[in-house]
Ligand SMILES: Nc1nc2c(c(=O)[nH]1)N=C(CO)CN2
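Here you get one chain, nothing else, as structure tokens; it is the form predicted on its own.
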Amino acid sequence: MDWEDWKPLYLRIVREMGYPIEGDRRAARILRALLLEGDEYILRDELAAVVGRKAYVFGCGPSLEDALQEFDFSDGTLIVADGATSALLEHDMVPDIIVSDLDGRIPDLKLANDRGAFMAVHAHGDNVDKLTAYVPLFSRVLGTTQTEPLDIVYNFGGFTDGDRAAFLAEELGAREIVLVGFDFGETVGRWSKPGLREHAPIWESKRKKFEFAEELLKWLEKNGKARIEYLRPGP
């Protein structure tokens, strides 16, 4: 994603969500420093080597559980949005790549990372404390930001963990992206937040994030190189 292409989308998101741009920039600088200090970071080409032509991107919608029971995912790269890591582990699956702002269940993220999953850790103004606390725990970490990219902190586009995972897949070479657990409905999947023990009614800030995620995925479908489809389990 070229920064000049992403910039107008980003500026509208932060304006409508009320996020300070400088907070995102500061977080990116802190993530860069943490990666350099720990020396467990990877570069774009190293992660691109993991991504095949077909990628499954797993969101945290309520349909995820049925999809994991119903479908076979052995023919593609498994890329998960944060909390969806827990759902895959529950089904004895280890993702290839975890896209996370560290808002999921950290023990599950660490377990998957220890079992071979690569981490794409995202920096934004609201997660500096989590970056500082948890980035040193992980290995094979690629850093991402939603503002201007730095040398080892990339901006592939995307806003929420889910749509950002799809942008990452496209940027790193996938040409068929299958979205799983992307429901965008009135119910939030129980894997979306560590405190949720069951699916929950949507709250207003989440609704706004869903709207942006849907819009960005449509933008990616129109402007990217990959074919994008949604995988829905049967009734």
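We number the residues from 1 along the sequence you see. What you are looking at is a predicted structure, and each value in this text was computed from that prediction instead of being measured.
Unshown form predicted together with this ligand; subsequent notes refer to it.
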(request) Three or more ligand atoms within 2.4 Å of backbone or C-beta counts as blocked, none as open; so place this ligand from its pose in the predicted bound form by superposing the site C-alphas and call it. (result) open
(message) How about W219 - does it come within 4.5 Å of this ligand in the predicted bound form, if we only consider non-hydrogen atoms?
(response) no
(request) Although this ligand is absent from this view, report whether G76 comes within 4.5 Å of it in the predicted bound form, heavy atoms only. (result) no
(message) Is it the case that Y134, even though its partner is missing from this view, gets within 4.5 Å of this ligand in the predicted bound form, heavy atoms only?
(response) no
(message) Is D114 near this ligand? Define near as a heavy atom within 4.5 Å, in the predicted bound form.
(response) no
(request) Tell me whether G125, D161 and K209, taken together, all sit within 4.5 Å of this ligand in the predicted bound form, counting heavy atoms only. (result) yes
(request) Please determine, with the chain shown alone, which of 135-143, 90-98, 67-75, 161-169 has non-hydrogen atoms within 4.5 Å of this ligand in the predicted bound form. (result) 161-169
(request) For the stretch 5-37, return the residues whose heavy atoms include at least one within 4.5 Å of this ligand in the predicted bound form, in the order they occur. (result) Y19, D24
